[in-house]
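What follows is a single chain, given as structure tokens, in the form predicted alone.
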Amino acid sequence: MISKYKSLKEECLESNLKLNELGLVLYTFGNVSAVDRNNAVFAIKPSGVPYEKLTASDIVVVDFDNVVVEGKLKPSSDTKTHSLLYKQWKEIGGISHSHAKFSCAWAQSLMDIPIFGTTHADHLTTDIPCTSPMKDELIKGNYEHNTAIQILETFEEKKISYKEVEMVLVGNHGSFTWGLDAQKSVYNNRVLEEIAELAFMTLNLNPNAMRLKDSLIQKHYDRKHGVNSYYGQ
């Protein structure tokens, strides 16, 4: 019998394999999910399964309350983070999580990534936010759910729109990125890693590097995303 979630699971598989292909994960670290809003479920990588062995039948489908709808394996340990973000942010279609080297180093340093250059400005007009360290009582509680709480609170406190900034560093942990679909979330994860590496190199070359000036930030962002954008075909 063909699963009603066949295409969703295939999308999820393809995106997880892409995350690995792009060098954003090591061993079994990281995960990607893809959402089906009509059925209020999402597909996600199973916990601890190596990417080279991953198949569409291994992908687990869960609802927004973290109940397994389809699949014989345990879903990712980060499932509760994904589910709460899907619940709260209604217009995202996919989420990626990685411990990629440079973005993870910034997360461990508990630092926002400053907007130093046009590569960054091509994608967003703000620094990439990093959450504060999680409080002990939250660590001892519903940890993965509380990771999403950290992300949501950071965006609220910094008055950032999840539609405009599709990436975040979770303090001491790693990165979460999202997009209109799972593939876009993977794309954003790779972009985040590139920006993180460039910012690291910039500060090593010049510890007093200046933030990109506002006029250039807006120019580069608008030419790709503005009302009168002209980048691309």
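Keep in mind that this is a model prediction, so the values were computed, not measured. Note that residue numbering begins at 1 and tracks the sequence as displayed.
We do not show the form predicted in complex with another copy of the chain, though everything after this point is about it.
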Legend entry - Which of 34-42, 61-69, 188-196, 160-168 sits within 4.5 Å of another copy of the chain in the predicted bound form, heavy atom basis: 188-196
Inset, instruction - Please run the contact check for T119 against another copy of the chain in the predicted bound form: heavy atoms, 4.5 angstroms, yes or no? - result: yes
Inset, instruction - Tell me, yes or no, whether T125 is in contact with another copy of the chain in the predicted bound form, where a contact means a heavy atom of each within 4.5 Å. - result: no
Legend entry - 4.5 angstroms heavy atom contact with another copy of the chain in the predicted bound form for L17: no
Legend entry - Exercise: K135 in contact with another copy of the chain in the predicted bound form, heavy atom 4.5 Å: yes
Legend entry - Heavy atom of each of F102, L212 and H220 within 4.5 Å of another copy of the chain in the predicted bound form: yes
Legend entry - Any residue of 219-233 that, in the predicted bound form, places a heavy atom within 4.5 Å of another copy of the chain: K219, H220, R223, K224, Y230, Y231, G232, Q233
